[in-house]
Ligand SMILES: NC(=O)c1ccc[n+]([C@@H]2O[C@H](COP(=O)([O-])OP(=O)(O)OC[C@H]3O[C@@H](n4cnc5c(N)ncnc54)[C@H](O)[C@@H]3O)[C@@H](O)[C@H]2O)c1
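Next up is one chain by itself, shown in structure tokens, the form predicted on its own.
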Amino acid sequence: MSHIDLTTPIELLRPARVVFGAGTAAESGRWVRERGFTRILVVADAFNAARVDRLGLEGDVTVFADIKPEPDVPNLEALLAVAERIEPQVVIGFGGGSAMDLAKLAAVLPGSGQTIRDVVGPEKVAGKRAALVQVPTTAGTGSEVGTRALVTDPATMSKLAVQSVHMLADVAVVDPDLTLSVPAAVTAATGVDALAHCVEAYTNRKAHPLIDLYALEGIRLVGRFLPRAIADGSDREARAGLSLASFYGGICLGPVIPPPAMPSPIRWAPATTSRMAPPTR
């Protein structure tokens, strides 16, 4: 094991409020009501759009239900057009990483005078325009606690990567029950995604003791619960374990991977853009 200097600076970001546990999805609506927000934009795929009632929302709720599995610039622009029209007070990402990534951009770009290409790279976003709530429905990306968003540019077939502290959620609501309907194959793929995030954080050249605990526990959780969730999708404890592993992966990966500087070729998966180093300890 290599020596890690405990004096090395590192910054750990997470939402100011995190709600975790089975059946907590409706905490999203409670948080929105507490703040008096009535104009709400939910960003979701078609499947999750059909169960927005799980969020317990009241008021003027607009659901953008056209999120693609790999969102591109036209997909984002369609969402931003809706956001410009309704001027939401709060944006809710309800789905996997794609929905949550686009929700981040919908919370900061409308009304800012900035386009997606203006903000590619680290910390170019002018500021937050709407409150942001993230509610994951898969257990893999950890995007609910992250500050990055990826969108494909169809003209160049590259990933446009944006990073900004303004895209950090105000609240993340992680309800493992929302993942009960995820098929076995997708459960396996997203579980491996969470595992990769934790392994990369622990073996990265910029690995740090502050995040090692999250990374190692995330690895342990995937090893314990992924086989169970694949074998029995209704295993609520296994689903909760994977949701927690994904959450930990989102926390620990961000501080150790370099900020995006330029578009990445689409053949590079998000989990490998950090130039993962061989294990050194």
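Please read all numbers here as calculations on a predicted model, not as lab measurements. When you see a residue number, it is the position in the sequence shown, counting from 1.
Although not depicted, the form predicted together with the ligand is the subject of the following passage.
Look at 94-102, 111-119, 78-86, 201-209: in the model of the complex, residues with non-hydrogen atoms within 4.5 angstroms of the ligand sit in 94-102. The closest non-hydrogen atom of residue 178 lies within 4.5 Å of the ligand in the model of the complex. For residue 159, a non-hydrogen atom is located within 4.5 Å of the ligand in the model of the complex, even though that partner is not displayed.
Heavy atoms of residue 60 never reach within 4.5 Å of the ligand in the model of the complex, leaving it off the interface. Taking the partner from the other structure, the ligand in the model of the complex has a heavy atom within 4.5 Å of a heavy atom of residue 183.
Only one of 195, 150, 168, 131 lies close to the ligand in the model of the complex, with a heavy atom inside 4.5 Å, and it is 150.
Site annotation in the model of the complex: the residue of 51, 39, 236, 220 reaching within 4.5 Å of the ligand with a heavy atom is 51.
Shown without its partner, the chain has 137, 138, 141 in segment 128-142 as residues with a non-hydrogen atom within 4.5 angstroms of the ligand in the model of the complex.
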